[in-house]
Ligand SMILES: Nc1ncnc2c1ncn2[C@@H]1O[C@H](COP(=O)(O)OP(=O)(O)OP(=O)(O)O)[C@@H](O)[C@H]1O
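Listed next as structure tokens is one chain, alone, in the form predicted alone.
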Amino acid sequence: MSDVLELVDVSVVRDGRALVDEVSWSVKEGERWVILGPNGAGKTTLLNIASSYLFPTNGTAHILGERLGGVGTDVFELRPRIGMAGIAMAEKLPKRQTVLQTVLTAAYGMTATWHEDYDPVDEERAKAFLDRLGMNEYLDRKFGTLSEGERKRTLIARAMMTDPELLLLDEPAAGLDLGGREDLVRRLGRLARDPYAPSMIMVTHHVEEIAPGFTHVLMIRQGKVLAAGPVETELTSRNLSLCFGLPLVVERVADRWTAHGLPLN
């Protein structure tokens, strides 16, 4: 399998502080990764590098075979090959647009409709992705009127619209209630187990949000990698305790993970 993402000794420094510090990490085709870590650990920074919107201060980053910042690399040709869903994207999208329009604009690399005409095949693709995420009854609803869960599912459908080779999910379950989280995890699990789905990287704070089908985990703390590898071997109580800085117990029940702290003496 080829690498869809390869970071070698990557650092990002801002105001003298390393947001990520000499990170080496690779994601191979077909893998589904979860990035775990506390607030400020560098998770979103890594995702921004993977999306090609942030360049390393030091080290090298290859995305889909292209070196970020390298001679001959055109990020405007690279970015349509990468799907991104997260809070930052949601804030760029007009609230007055319908759900269908919100997904369709991704076909032109835009956030808002203008005077473009969409082919019937574009509309069918958009409807198919929305249907897959349980949004087929919301096609004509305004994006700004959606619940948080409905909005997250629309963003994922939008990210899939360009048929990406790499799908990036930035805290897709943040702000959801228990029902909304479980519905989203179930749908992400179906996507993660699809052999035709793109390679995936998801940022989260909570092991409960790891959907079945995710294969690998990267744990990061204060910009440094603590563990990286198959989720079955690396998602341990010891590693998670080191990552979050307090004693934690990780348990696996069927195909889901949970974590909890130890009681105080």
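All residue numbers are counted from 1 along the displayed sequence. Since the structure is predicted, the reported quantities are computational estimates derived from the model, not experimental observations.
Another form, the form predicted in complex with the ligand, is not on view; read the next lines as being about it.
May I ask you to choose, among Gly59, Gly229, Pro38, Gly65, the residue with a heavy atom within 4.5 Å of the ligand in the predicted bound form?
After the contact test, the surviving option is Pro38.
Consider the chain as shown here, without its partner, and state which of Cys243, Leu248, Leu19, Val10 has a heavy atom within 4.5 Å of the ligand in the predicted bound form.
Result of the distance check: Leu19.
So which of 207-215, 192-200, 233-241, 41-49 is the stretch with heavy atoms within 4.5 Å of the ligand in the predicted bound form?
Heavy atoms within 4.5 Å of the ligand in the predicted bound form occur in 41-49.
Could you list which residues of 157-185 come within 4.5 Å of the ligand in the predicted bound form, counting heavy atoms only?
Result: Glu171 alone.
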